[in-house]
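Just the one chain here, laid out as structure tokens, in the form predicted alone.
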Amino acid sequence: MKLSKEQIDYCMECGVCTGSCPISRLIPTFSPRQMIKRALMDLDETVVKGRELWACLTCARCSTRCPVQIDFPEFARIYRGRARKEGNLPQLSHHGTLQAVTALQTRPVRQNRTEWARETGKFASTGDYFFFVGCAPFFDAAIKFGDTSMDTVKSVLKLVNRMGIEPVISDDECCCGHDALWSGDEATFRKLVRKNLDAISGSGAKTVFFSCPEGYATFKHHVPQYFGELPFEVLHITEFLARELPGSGVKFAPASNGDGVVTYQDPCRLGRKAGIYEPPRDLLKLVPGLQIEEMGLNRENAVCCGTSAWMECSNCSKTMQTERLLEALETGAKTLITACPKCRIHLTCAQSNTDLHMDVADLYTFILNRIE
């Protein structure tokens, strides 16, 4: 990662990143600018061997506000690779179960990733559309809070079936590599992506859509960086549904008094990383009478759900999550909706340890349940 003289000069006199960072607010000693400064002063060792590197959420709140467009999450990602080589590793959540599952998927193991789809709707082995399911089946094996991550992918399949689309779902698909990449494990990331590219290529798909923001952001931005231009279109399912559902003939029942007011949580990878803010809201607007009340911090200013890549889940994370839930409740909404499985899991988990009561719902299941 190279910085121009203008970026360096401005950075050393600024501090917008630190003032914008949700971690810096809770841990006063944490400063993105100071980490960059130490790296520029050839004090890389203090960055590579420090715990601060892992505290960063890579939520991009700093980089979207940076006056000279320094990509601090990318800085953190690169230095995490160096930290890993020095034996400085992150604190893994859930005993490292999900990282172990990711590592297993780099090997030639047989997976049954389509049984749920046979029980849910219609899909194909070849065709124009490929539905990248991601790690939802593994999330459910390790973590269960209310609605499951499989409810999300089942709802997506049912929605596209309603539109006459039978997407490819493949047993050969594996983890997108997002978590490996952002925890400095580039070798695992490369192996996973290669397997996925082979699976997609074999399906003949022209468009690959993702319900998970992390999978989408990985294929939209990082896979081309490592593997070159992709021979297929990459879409987030909210883009696709917001574009196609209104003209599909699908009708929605009016919102009832019990669910007439909702608020929406912008996932970091879908919002700041990909710039997709309106399609999820456009989908909610298809429900007659549904009122969307925005939290004070929304769209590019939205607060992260508090942890990333199943690591470093700390008291700091829980504080952020609780504050976000309180902000959601202040809108008067009874339901907090998100398009990210990790946001739903993290916010539901945080709420389970409080006296707060709010339904944290998956966008696609919410929409599906309101179709006439």
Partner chain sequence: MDVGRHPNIRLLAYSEVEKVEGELGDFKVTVRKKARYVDESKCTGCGACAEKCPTAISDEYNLGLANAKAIYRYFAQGIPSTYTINTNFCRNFQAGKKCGVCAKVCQAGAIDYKQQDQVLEVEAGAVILATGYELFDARRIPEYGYGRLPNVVTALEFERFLSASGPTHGHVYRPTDLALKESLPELEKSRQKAFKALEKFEKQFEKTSDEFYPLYEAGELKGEDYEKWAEQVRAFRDLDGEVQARKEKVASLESAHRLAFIQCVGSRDIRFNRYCSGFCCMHAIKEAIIAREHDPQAQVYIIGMDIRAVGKGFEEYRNRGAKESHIEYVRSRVAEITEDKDHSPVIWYEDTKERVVKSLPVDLVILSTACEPSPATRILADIIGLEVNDFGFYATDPSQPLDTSRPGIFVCGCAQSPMDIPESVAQASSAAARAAQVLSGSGTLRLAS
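Nothing here was measured: the structure is a model prediction, and the numbers come from that model. Positions refer to the first chain, counted from 1.
A second form of this protein, the form predicted in complex with its partner chain, is not displayed here; the remarks below concern that form.
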| item | value |
| --- | --- |
| Three-residue site Ser317, Thr354 and Met358 fully in contact with its partner chain in the predicted complex at 4.5 Å by heavy atom | no |
| Options 174-182, 80-88, 296-304, 189-197; stretch whose heavy atom lies within 4.5 Å of its partner chain in the predicted complex | 296-304 |
| Arg324: touches its partner chain in the predicted complex, heavy atom cutoff 4.5 angstroms | no |
| is_contact(Val16, its partner chain) in the predicted complex, heavy atom dist at most 4.5 Å | yes |
| Distance check, Cys313 to its partner chain in the predicted complex, heavy atom within 4.5 Å | no |
| 4.5 Å heavy atom contact, Ser20 to its partner chain in the predicted complex | yes |
| Contact residue in the predicted complex, chosen from Val48, Cys66, Leu329, Ala39 - any heavy atom within 4.5 Å of its partner chain | Cys66 |
